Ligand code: NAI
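This document opens with one chain alone, in structure tokens, the form predicted on its own.
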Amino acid sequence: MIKVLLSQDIHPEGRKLLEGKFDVRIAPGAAEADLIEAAKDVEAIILRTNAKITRKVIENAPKLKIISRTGAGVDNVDVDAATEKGILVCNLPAVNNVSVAEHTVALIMHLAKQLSTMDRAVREGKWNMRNSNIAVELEGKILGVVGMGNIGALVAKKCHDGLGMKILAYDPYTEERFKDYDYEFTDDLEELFRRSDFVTLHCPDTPETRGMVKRDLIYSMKPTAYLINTARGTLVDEKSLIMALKERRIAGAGLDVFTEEPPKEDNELLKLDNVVLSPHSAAMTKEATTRMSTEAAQAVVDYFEGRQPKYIFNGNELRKKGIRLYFEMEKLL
């Protein structure tokens, strides 16, 4: 029976698609050594964000044919190594768009209305906090959106149409798509950070974007501005962000992602009162979790039943290698 490795258990609805068709096993841990041992005789991996499939893992998995991600990002897969071996890397580009976009909007609203501070004040009997005037309205405020892909565009739409915010966007690749929208684009990232009341990041982790939000950008923000990151922690110079927050150089931040996950106990972000934190959970709604597990499992089922999986991230590169992507309908099970 074909062996399928789960980097971490998936939703029962996803498991149902695999039961009886595959020998399903769960990796004992997320360390590279654990994955090398667990993947050495498997033909498929269903990969969550808890683990990385490195070149070493791939080179030690001679039977591996498909890696199926439970989300859109593939930064935890060595795609080049997989492509060299003719292994399909499948992802789910739109599976969690709504969940992440809603989480982003929730962070923006939470910060604008200072809900953590207000909640704490009521619990501590500090009713006079109602007169502090620290909350702000969102209507008319400038939302700087860095990355106008599926999620960034959805955040822009929700904040523009639903909250009356002005959109200032930065994305060298998608501006033409939004020429008929009431959005302003800039090719100057510093301008976006300088002018925005809220800056939200929606970029993948790539060599181009890694560390792109440097100290100078953070310190160029208004002292009343907020930074929101529901994308990847590696986009931001975390030490500089912590310093800016401690010095009150910016008003605050809403973070779902961190440079190191989970953050260590001594990470100063955990001690700051002008930060709202969540545990990389923006995509983890009940609905999205079900979709991610079932669609990632379906990609594996489709492949081994002779159908082309819906999304193949490295499809073009595999085509260049002469690997057929329109699979024979012959059953392989």
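Counting begins at 1, following the sequence as shown. All of these numbers come straight from a predicted model, not from anything done at the bench.
FYI, the form predicted together with the ligand isn't displayed, but the following is about it.
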In the predicted complex, does residue 149 have a heavy atom within 4.5 Å of the ligand? yes
Close approach of residue 173 to the ligand in the predicted complex, 4.5 Å, heavy atom: yes
Does any part of residue 280 reach within 4.5 Å of the ligand in the predicted complex? Heavy atoms only, please. yes
So in the predicted complex, does residue 97 come within 4.5 Å of the ligand, heavy atom to heavy atom? yes
Just one stretch in 251 to 259, 213 to 221, 115 to 123, 158 to 166 has heavy atoms within 4.5 Å of the ligand in the predicted complex, so which one is it? 251 to 259
Residue among 231, 143, 107, 77 with a heavy atom within 4.5 Å of the ligand in the predicted complex: 231
Here the chain is shown alone; which of 203, 225, 244, 87 has a heavy atom within 4.5 Å of the ligand in the predicted complex? 203
Neighbours of the ligand in the predicted complex among 68 to 90 [non-hydrogen atom within 4.5 angstroms]: 72
